[in-house]
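Consider the single chain below, provided in structure tokens and representing the form predicted on its own.
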């Protein structure tokens, strides 16, 4: 795994140290062991974990400044938050997930890898983003999720500072971008860049959508838990 991961990371202009490789190795081991007890990922092959989880997470590193404050919304098994933390020790990371079992897993990975300046929050984005110490407090908000862009924008943009960046990681979803533009504007954002890539040494397509927070999110957003997914802004 070490050589394969190191070579693939090099293609993203990321040079992994031996310590970082060991941290990824430990992460993969814990992921596979915990996955037998709780549902964390459908991807269990060693090489696929490297490519589809670790390398995929690292494709957005170039958009994350050193020393920035980052929140990973709906982090699941820790992607992309933990891989970014491993390669960027200076960033301050918050992992948010609604399932307590996944939080236990994340805390285990953090402890076994000795990661600092990283914390886990158990809760729903609709509730957590209304808390004063979380609302509009983050330089970078990331989401690697299956929800449509309009829903993700409502869940994520309230966390971003004015001037901050929301990075949405998707498959090849051109139609979602057009449908989500209205919601993004309502929530105070503006699409800054759309980058289409293939994961290194694969034919797997990815779309990275960078949304700049231009103004404060109106106080009525996000709406109550469950509403953003059932009635995305623009479809109400």
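Residue numbers count along the first chain shown, from 1. Please read these numbers as outputs of a predicted model, since none were measured by experiment.
One more form of this protein, predicted together with S-adenosylmethionine (SAM), exists but is not displayed; see below.
Judged against S-adenosylmethionine (SAM) in the predicted complex with a 4.5 angstroms heavy atom cut-off, the residues 79, 102 and 123 are in contact without exception. Residue 97 belongs to the set of residues with a heavy atom inside 4.5 Å of S-adenosylmethionine (SAM) in the predicted complex.
Within this chain, residue 164 is remote from the site of S-adenosylmethionine (SAM) in the predicted complex, having no heavy atom within 4.5 Å.
Contact annotation for residue 71: none of its heavy atoms lies within 4.5 Å of S-adenosylmethionine (SAM) in the predicted complex. The closest heavy atom approach of residue 129 to S-adenosylmethionine (SAM) in the predicted complex falls outside 4.5 Å. Only one of the listed residues (160, 93, 149, 155) places a non-hydrogen atom within 4.5 angstroms of S-adenosylmethionine (SAM) in the predicted complex, and that residue is 155. Partner proximity in the predicted complex, defined as non-hydrogen atoms within 4.5 angstroms of S-adenosylmethionine (SAM), places exactly one of 85-93, 71-79, 130-138, 111-119 at the interface: 71-79. Taking S-adenosylmethionine (SAM) as positioned in the predicted complex, the residues of 127-146 that bring a heavy atom within 4.5 Å of it are, in sequence order, 144, 145, 146.
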